[in-house]
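First, one chain by itself: the form predicted on its own, in structure tokens.
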């Protein structure tokens, strides 16, 4: 337990140092947030009625919460690219030799990284959104508690999904194509580009029960109130996907570890 805490704290300290990078990312997110909000509002106004439960203010709130989540949640594949490099450079061998399970090491460090982004990126983004356009946020404390839990699970889920892609480097020479493909799929089906509720009915049946939805859209729905009546179902599905991918990553790592032992002794 002490080792896990130290790894989490280390991840927090490591990523808290890049203050100018955090500031630049926040400014960029604000600009893109304003553009995305205007596009979604234009779509709703063109429809002349709320679209799949999204009226003007709900759509704006969705955008600003999403922009705020881009700091804590890894949707761009940083974990996958880093894992690819660790395999190719041999650093994975060091991870396997440490007394703490590699998955626990990487997950703890990722949670620390995500925590380092909450105050400097998540909270200010919501404040900016509230000042510029207004937000529709819940008044009951339970919604915020459920959101924080969903955010934590989303961080672990997204991180583990990218780890699995990065671990393909144990079997294939080049994984950049897989990482780019994963980025396209994750960004589209997670709710980053448009709300998942806006997809056609035939696609919703697949997306709603995929891990991608729970990487991004589920925390947003919990905070905007669009998950009312389905909150426990969404949280259960999200946790189930996180545990499933962790178990799969442990299996892949065990098989890959044997392969490394055969090749390198």
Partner chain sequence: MAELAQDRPVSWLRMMATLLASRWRSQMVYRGSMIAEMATQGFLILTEFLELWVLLTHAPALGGFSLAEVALVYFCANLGFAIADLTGGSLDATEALVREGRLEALLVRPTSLLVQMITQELQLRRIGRVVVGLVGYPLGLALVGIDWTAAKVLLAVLAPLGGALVYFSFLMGAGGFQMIVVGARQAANAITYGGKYAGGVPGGALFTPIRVFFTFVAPALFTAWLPMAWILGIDTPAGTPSWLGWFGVPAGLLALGAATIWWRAGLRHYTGAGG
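Numbering follows the first chain given and starts at 1. Treat the numbers as computed from the prediction; the structure is a model and nothing was measured.
Below, we refer to the form predicted together with the partner chain, which is not included among the displayed structures.
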Among 78-86, 184-192, 99-107, 135-143, mark the stretch whose residues have heavy atoms within 4.5 Å of the partner chain in the model of the complex. 184-192
Determine whether any heavy atom of residue 239 comes within 4.5 Å of a heavy atom of the partner chain in the model of the complex, and answer yes or no. no
In the model of the complex, residue 65 touching the partner chain (heavy atom, 4.5 Å): no
Within a 4.5 Å heavy atom cut-off, is residue 27 in contact with the partner chain in the model of the complex? yes
Does residue 40 make contact with the partner chain in the model of the complex, using a 4.5 Å heavy atom cut-off? yes
Selected contact from 172, 180, 148, 131, since only one has a non-hydrogen atom within 4.5 angstroms of the partner chain in the model of the complex: 180
Using a 4.5 Å heavy atom cut-off, which residue among 226, 235, 57, 51 comes into contact with the partner chain in the model of the complex? 51
Using a 4.5 Å cut-off on heavy atoms, what residues in 192-229 are near the partner chain in the model of the complex? 193, 194, 198, 199, 200, 202
